[in-house]
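This document opens with one chain alone, in structure tokens, the form predicted alone.
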Amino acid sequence: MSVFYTWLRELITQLAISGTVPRILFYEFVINALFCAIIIGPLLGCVGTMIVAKRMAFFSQAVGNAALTGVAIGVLIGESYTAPYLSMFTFCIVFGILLNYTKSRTRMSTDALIGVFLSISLAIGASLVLFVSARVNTHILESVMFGSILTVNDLDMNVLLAVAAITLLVGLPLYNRMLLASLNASLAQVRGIQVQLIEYVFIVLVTIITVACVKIIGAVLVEALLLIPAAAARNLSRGLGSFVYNTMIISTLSCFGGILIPMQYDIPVPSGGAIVLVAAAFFIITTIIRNVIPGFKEAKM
């Protein structure tokens, strides 16, 4: 894929020099960032609709923060501190599966259970930071916390493409069953859907998507990009189809806006925070539209 990335960057750079595309696209890191935005915008937007439908917003936040512990473990076992993907994916997938397994075997509320797992994970991560600091500068954790889409490299893009491909191959055929299981588990079981298996598949998909986006959006903010575009789209949507498409559009535009607006106007805001702020602006605008324009007051998604 590196050959493709190089070709794409050279092509867009030449177009920027000739004035065919905006001059800002002359820089390779901007091209990398926009390439990631094209992938994560629709991906997080589509998954975000399921997150809202299943009321699992807190889960994605827990997985994002669990990635911090995965980074610490990766550094300790000798992985590159800039891309400890093996430890992050392994720890977070185990974290998600154990959480879902425990949820089905306890009467504790989901929010409380997620809080327990999140606290344990953060405690482990905080304890490991002491050992990690002896090997690397702990300030690198800031990029994990808040993201740095402008510093992504070919490996980050390869991981993102692989996760997107897995999500499409596994999630797309099961999307309707996942949605039915989240809206009405009893009806899904009557129709022969293995609700518990579908739940585990969804947990794993959300987990790998969250981990793949941590370096780009940030552990603290990835949950916001899963939730806010879906909440904004819900203000305007009258059906499931429009809900999904509107969420994907708002999520993608938020990514593009968060990358380009700070650079265009020299605003000293981290790219991850800027992306979420643009998404929040969409939410405010759609909320106003819903309450001001009569045609949108009947939106029921």
Partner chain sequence: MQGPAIHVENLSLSLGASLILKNMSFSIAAGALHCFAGPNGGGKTSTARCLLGQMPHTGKIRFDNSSPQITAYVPQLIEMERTLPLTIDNFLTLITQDKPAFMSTKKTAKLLIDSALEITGLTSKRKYMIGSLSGGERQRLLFAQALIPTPTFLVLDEPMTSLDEGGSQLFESLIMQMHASGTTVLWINHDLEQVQRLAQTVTIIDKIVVAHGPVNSTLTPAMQRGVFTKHIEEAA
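Positions refer to the first chain, counted from 1. Please read all numbers here as calculations on a predicted model, not as lab measurements.
This protein has a second form, the form predicted together with its partner chain, left out of what is shown; the following refers to that one.
Its partner chain in the predicted complex comes within 4.5 Å of a heavy atom belonging to residue 240. In the predicted complex, its partner chain sits within 4.5 Å of a heavy atom of residue 186. The closest non-hydrogen atom of residue 175 lies within 4.5 Å of its partner chain in the predicted complex.
Taking the partner from elsewhere, residue 165 is found to have every heavy atom lying beyond 4.5 Å of its partner chain in the predicted complex. Screening 157, 205, 179, 227 for any heavy atom within 4.5 Å of its partner chain in the predicted complex leaves a single hit, 179. When you look in the predicted complex, the only residue of 253, 259, 52, 31 with a non-hydrogen atom within 4.5 Å of its partner chain is 52. Only one segment in the set 71-79, 124-132, 208-216, 189-197 has any non-hydrogen atom within 4.5 angstroms of its partner chain in the predicted complex, and it is 189-197. For the partner-free chain shown, 243, 244, 245 of 242-262 come within 4.5 angstroms of its partner chain in the predicted complex, judged by any non-hydrogen atom.
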